[in-house]
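As structure tokens, one chain now follows by itself in the form predicted alone.
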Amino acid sequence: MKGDIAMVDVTRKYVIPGELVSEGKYKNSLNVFRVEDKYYSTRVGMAEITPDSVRVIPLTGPYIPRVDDLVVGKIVDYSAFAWEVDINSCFYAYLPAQNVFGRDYSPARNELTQKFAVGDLIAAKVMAFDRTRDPLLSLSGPGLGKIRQGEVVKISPTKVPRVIGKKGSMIRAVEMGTNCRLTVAQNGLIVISGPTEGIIKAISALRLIEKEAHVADLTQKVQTLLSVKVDEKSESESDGEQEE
């Protein structure tokens, strides 16, 4: 794994809601609110300040759906017009039958259990959500639909950015070191597909990431655990910032 971006200068500190995180002008921000040129935390967590961004990575918290999020959910019920899906949130999601069967869907003609039954796992995208109604899901997109194989691991949704890493660096390291494929959903569910020994190693790596998400040299620890070697520049970048 080769890095082609300069090392990122990062300042980190623990913060609580309402605490001043930084002053200045930033292009990107997350879990902060701005008053003039001052940025205050909205969560308890680890603040990360770079030359062009300021954000707070929450230490804990539930999954709150956002439009276009990838989620892994379990079918828990269904009606004549939709499936009810547990997406590891305080909100249950709904997958409209019309989104699966098409616009000519008819309850008299189509049985929902022909597609998904209670207990099935699906990968889906959040199509709509505004907190005034439960989120709606869509299966329109590559890789979406029923999950037919793999081991599902649940982590805190707030640790998902750390699992992904800067430009996907952390997840690539895990996949390289385990010969597995990981599907990381924003709601904290991760599907691991591959050989049994690789799945076991991947789960160990994910538990380490979840436990030590706040540690600066986490990438190096994961690489050591999985015997994966990357150059120094990539390692510094992946510990410097994670993508949402």
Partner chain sequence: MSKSSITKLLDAKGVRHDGRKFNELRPVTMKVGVLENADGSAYIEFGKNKIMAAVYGPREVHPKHMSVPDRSVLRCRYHMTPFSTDTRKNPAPSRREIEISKVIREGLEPALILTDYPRTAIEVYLEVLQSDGGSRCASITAASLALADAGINMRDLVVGCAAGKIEGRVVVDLDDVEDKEGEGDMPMAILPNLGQVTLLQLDGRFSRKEFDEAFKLAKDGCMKVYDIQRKALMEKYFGAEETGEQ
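Under this definition, the rigid core comprises the largest set of C-alpha atoms superposing within 1.5 Å between the forms. Residue numbers count along the first chain shown, from 1. This is a predicted model, so every value here is computed, not measured.
Although it is not shown, the form predicted in complex with the partner chain is what the next lines describe.
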property: Contact segment among 136-144, 83-91, 163-171, 96-104, judged by heavy atoms lying within 4.5 Å of the partner chain in the predicted bound form; result: 83-91
property: Partner contact for Met46 in the predicted bound form: the partner chain, 4.5 angstroms, heavy atom; result: yes
property: Gly18: touches the partner chain in the predicted bound form, heavy atom cutoff 4.5 angstroms; result: yes
property: Thr60 within 4.5 Å of the partner chain in the predicted bound form, heavy atoms; result: yes
property: Distance check, Ser41 to the partner chain in the predicted bound form, heavy atom within 4.5 Å; result: yes
property: Yes/no, Arg43 Cα shift of 2 Å or more between the shown form and the other one with rigid core fixed; result: yes
property: Large Cα shift (2 Å or above) at Val15 between the shown form and the other one, core-fitted; result: yes
